[in-house]
Every structure is written in C-alpha cells, then in structure tokens.
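Have a look below at one chain only, the form predicted on its own, in structure tokens format.
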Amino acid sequence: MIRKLGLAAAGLGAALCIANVAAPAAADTPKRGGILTFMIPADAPPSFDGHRETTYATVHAAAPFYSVLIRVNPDNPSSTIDFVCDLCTEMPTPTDGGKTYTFKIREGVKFHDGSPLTAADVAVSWQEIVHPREGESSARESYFIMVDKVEARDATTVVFRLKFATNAFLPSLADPFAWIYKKEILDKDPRWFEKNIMGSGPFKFAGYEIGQSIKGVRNPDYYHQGQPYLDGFIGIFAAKQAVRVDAIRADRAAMEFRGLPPSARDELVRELGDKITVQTSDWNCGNLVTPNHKRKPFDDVRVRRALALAIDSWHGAPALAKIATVHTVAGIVFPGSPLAATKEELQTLAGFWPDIGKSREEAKRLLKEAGAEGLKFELMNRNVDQPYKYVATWLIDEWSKVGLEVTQRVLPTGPFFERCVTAHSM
C-alpha cells in the first residue's frame, strides 16, 4: 500500500485558474450585497475541523466562518512574507532574542453565539494545533517544533514562547487552517468541531446539505469594520469537472476557486467572452506521494528513493500543464519566494536530477539491490479528476519505466483521508 496525501506528483506546483462570471475589475470599489455562489471540487469535506484536515474541501467550505490570529495581507496576496493581524491588534516585535512573541488580542470580538472571544480561546486553539492532546491529531504539529508553549497572560494577551528563534515561526502562524475555536467547547469535546461549526469570522453558518452545499450569511458583528461586503455565500460541492464547468457556463455559480485545466478555461473564455475573468498563478500547496514506510518494502529507504528517481518532473510538468492544473517544478517552499530552492539546488535532489536516464538507471539498481524488482503496489488516490487522477496516471506510467507495476485506487474525500490515517498506523 502506498499512502498518498495532498496532490499526486511530488515537485509539481499547481496552476491556479479562477473563473469569475461578470466579475468587476480588481481596482473597482467593492459593492455591498449579493450572494456569492462558488464551486468546491469535492464530494464533501472529510470533516469541518481545520486543525485536523489539510484539504481544500474543508478550508473552502468552512474558513469563512472562522477567525485566525494573523494572515497573509489580503491586499498583497502574492507576497509570501507580508503578514497582518486578524484577531491581534498589531504584529509583535519578538523579544528574548527572538524566542518570545506577545500578541494583544482585539477586544469586543464575539463568537457567533454572542459570547466574547478572549485570549484564552486563542491560546487553547493554538495549544491544540501545536501540542494536540493524546488521541487527537493536528495536521500542522510538525510545523511548530520551535514552540515550547502558548499562554494566555490575561484576557487580551497571548504569549508564544519558542525553544529557539527562527524566521519560520510567523509564516507557519499565518496558516489559513489555524482557526480559533471556543475554549468552552474544546474543553467539553475536543472533536466537536469535526461535525459542527461555530466561529467568529465574517459569515455565520446557515446550513449544510451533505454532498450538495454549504451556506453562510453575513455576520453583522464582524470586527473588521464594514466587512464582509457580501450578504452571504453558497459553496456547491461537485467532484466532477463537467458539473463545475456547466455551472459557471450557465451562471449558476460565479467562481471556481481551486482551478480548471487549460482546456476548460479556454472553453469558458470562448463561450463567455468579457463576462469571465481568469487568473493564473502558482499555488501555495504541496504535492505529495507518501509511501507507508511502516509497510514492506517501503520500509527500505532504497525503495522509497527509487520511486522518486523514476519521476521526470522537468519534462512532466510542461506536458501535464496542457491538460491538468499543475504548472511549476518546485520544492517544498513556494516557488519564487525568498527561501525557495533554485533549479540548480533542486537538481541535486532525488526526483529532480537533470539526466533522467541516469536517474532511472539508479532507480533500477536500488530496486534490484533491495530485492524489489518488478514490485507491484496500489496507489491510493482521491476521486477528483483535477489534478489527482491525471497526475496519478502520469506517475504510474513513470514508474512503469523502471519495471514497477502500479494500479490506482480512488476513494471519496472523507474515506480517502480516513484511510490515510489508518494506513499510516498499520
């Protein structure tokens, strides 16, 4: 069993294509009112808990209901280093040699049930992310190995104490899944937020139909003055690309946040002309193929290395970009950002060698040495066409070139993520 998380191809950044039907120009003054209907390319989220999940099916569905401590500046979304406060009052200057960050929390913020949000709620939410209690999971626990503890000094002050100073702390803190939950609820049932929604964000939860849609209405008590501009939103779940394209074409939906491949994009542009706006960029996401290293033969580092060496990312990315929402060859760090690996640096890593012939010969040698020639295994994947199935099909072909026989097994979003957890524990 190979356990797959995230997108299907390691090292391929994704191309984001956002479709806006009858969208105003970016420089126009925002107008108040209206309901935004957008497509979510999944059958349903595995859960509503942002601390637990990693999928866009969760963040697209539930993020509008929640607040975060800090975020990427919405007026400068292309930046990877420009952070602004959401719940805090100002970005802090670290003390103690860069090991202590003290955040002042806005006063007067309310959860959607009318109760006040205080530093205690912020601190316990971050404690769950950084140091989840026994039996619970945090998808981002590993991001915060630098954090020793999180404390609420008083009702308006949260202090993060680090084990060591690092510039990686603030970017990690600005994760869009890092939602602030109500302490009272977490204390009673730490898993309550998996199936329920109650935050302090710009929209209040208004309904959820499993496998169909999720709805939100404007929060009149939102702490960012004058926002949100919309009266509400409807997110429509649709795993099939054809359904999403038809909805945009017929003006039943206004946006596809996650992306469409070039062919679908071009089709909509031809048919809708000046009624549609398209934005293309790299995605800030990770594309991972993760072998279950607790299962033979993937417990052998030689086998895992051979899997990477067999993949030709440099030729695969431009070819896949013609049919799928993948675009840029990159490492773990967002391409083009200050800490991103250069092409030269990437080419020293397995899976990025410039000579694919040499790379695959090494893969074959390692497989033979490990006794894994002709290995047969199953790639577990999500039942979403873009880009999962496309990239998985390409991966299977890449592995066949070093003698591996791989089949693909697709699962709906919820069962897929649940299987990732159980497969990893086997």
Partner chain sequence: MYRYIVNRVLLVIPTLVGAAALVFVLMRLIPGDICVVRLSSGGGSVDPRAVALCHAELGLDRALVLQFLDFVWGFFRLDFGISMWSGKPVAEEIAARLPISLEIAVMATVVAIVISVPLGIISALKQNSWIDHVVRTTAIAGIATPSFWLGIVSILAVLDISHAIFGAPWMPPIDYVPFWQDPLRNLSMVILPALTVGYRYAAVTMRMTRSAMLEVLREDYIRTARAKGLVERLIINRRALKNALLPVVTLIGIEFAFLIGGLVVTEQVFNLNGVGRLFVLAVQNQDYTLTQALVMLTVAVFVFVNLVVDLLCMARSADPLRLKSGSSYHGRSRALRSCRRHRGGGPAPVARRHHRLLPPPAARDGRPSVGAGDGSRRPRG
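Here the structure is a predicted model, which is why all the values come from computation and not from measurement. Residue numbers count along the first chain shown, from 1.
The protein also exists as the form predicted in complex with the partner chain; that form is not presented, and the subsequent description refers to it.
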item: Triple contact flag 59, 233 and 279 to the partner chain in the predicted bound form, non-hydrogen atom at 4.5 angstroms; value: no
item: Contact label in the predicted bound form: residue 403 to the partner chain, heavy atom within 4.5 Å; value: no
item: Distance check, residue 84 to the partner chain in the predicted bound form, heavy atom within 4.5 Å; value: no
item: Any non-hydrogen atom of residue 249 within 4.5 angstroms of the partner chain in the predicted bound form; value: yes
item: Proximity of residue 211 to the partner chain in the predicted bound form, heavy atoms at 4.5 Å; value: yes
item: Candidate stretches 240-248, 331-339, 117-125, 179-187 - the one whose heavy atoms come within 4.5 Å of the partner chain in the predicted bound form; value: 240-248
item: Among the candidates 226, 135, 74, 97, the residue which, in the predicted bound form, approaches the partner chain to within 4.5 Å (heavy atoms); value: 135
item: Contact set, 37-64 vs the partner chain in the predicted bound form - heavy atom within 4.5 angstroms; value: 39, 43, 46, 47, 52, 53, 54
